[in-house]
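Next up is one chain by itself, shown in structure tokens, the form predicted on its own.
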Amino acid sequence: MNFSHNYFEIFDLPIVFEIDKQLLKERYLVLQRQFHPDRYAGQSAQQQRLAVQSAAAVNQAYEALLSPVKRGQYLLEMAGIEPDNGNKTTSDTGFLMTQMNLREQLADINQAGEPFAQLDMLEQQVRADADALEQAFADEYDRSDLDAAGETLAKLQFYGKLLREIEELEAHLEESL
């Protein structure tokens, strides 16, 4: 494996935000089989080490490309924008107010008469908003409006965190049945 390739080149994908996730998965599985360390058990120590490094590189690239936020961060890095490691925030007060409202709704779900229905409705809204932000990022990136893309990515990070919290609450509610 050529370690100088970027993540998109590893999977032979175009360098764009909107990727074919099914194709990514198929190519990932092929590369995983190709570089799985067990295939190199009888080889030299150097070949075994290279197999482990290659498998790790494939895993890292796959994880980055699969996640919209990580993919966006990687694209911005490739364009020369320094990573913010998820610490960038937004000054868009309307967006921040929406986030506060969504978080209040999430906090109130435990007391709702139908918590699963309320959680499902909230999750649908959050996913729709996240999908719209992903589309906005793709458009901004395609236009090379990297400042706007960075701002949109910061907003998308809020939604990613909120979706994880929704999943955690759902698991908690299911455990308490």
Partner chain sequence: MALLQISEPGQSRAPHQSKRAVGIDLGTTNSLVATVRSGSAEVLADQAGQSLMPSIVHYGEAEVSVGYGLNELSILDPQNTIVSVKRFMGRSQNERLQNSTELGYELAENRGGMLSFVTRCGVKSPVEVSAEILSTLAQRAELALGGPLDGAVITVPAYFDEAQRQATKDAALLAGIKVLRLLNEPTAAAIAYGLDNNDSSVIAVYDLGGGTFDISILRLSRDVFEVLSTGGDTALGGDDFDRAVADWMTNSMADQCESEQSLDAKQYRSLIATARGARESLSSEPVTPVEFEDWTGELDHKQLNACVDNMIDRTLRASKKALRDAGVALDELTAVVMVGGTTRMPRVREKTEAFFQQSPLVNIDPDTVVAMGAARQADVLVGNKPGEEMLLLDVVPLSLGVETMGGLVEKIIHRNTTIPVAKAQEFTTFKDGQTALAVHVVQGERELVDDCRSLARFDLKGLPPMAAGAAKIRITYQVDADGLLNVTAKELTSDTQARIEVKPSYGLDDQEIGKMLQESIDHATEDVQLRALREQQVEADRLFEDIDSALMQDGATLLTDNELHCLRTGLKELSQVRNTSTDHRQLGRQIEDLAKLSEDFAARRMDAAIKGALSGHHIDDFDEGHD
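Positions refer to the first chain, counted from 1. These numbers were taken from a predicted model, which means no experiment stands behind them.
Another form exists, predicted in complex with its partner chain; not displayed. Remarks below refer to it.
With the partner left out here, its partner chain still marks one of 135-143, 60-68, 122-130, 148-156 in the predicted bound form; by a 4.5 Å heavy atom cut-off that stretch is 60-68. Contact check for Asp20: no non-hydrogen atom falls within 4.5 Å of its partner chain in the predicted bound form.
Interface membership of Gly113, defined by any non-hydrogen atom within 4.5 Å of its partner chain in the predicted bound form, is ruled out. Interface membership of Ala117, defined by any non-hydrogen atom within 4.5 Å of its partner chain in the predicted bound form, is ruled out. Its partner chain is not shown here, and in the predicted bound form it never comes within 4.5 Å of any heavy atom of Lys161.
Scanning 10-30 for heavy atoms within 4.5 Å of its partner chain in the predicted bound form gives Ile10, Phe11, Asp12, Lys25, Arg27, Tyr28, Leu29, Val30 in sequence order.
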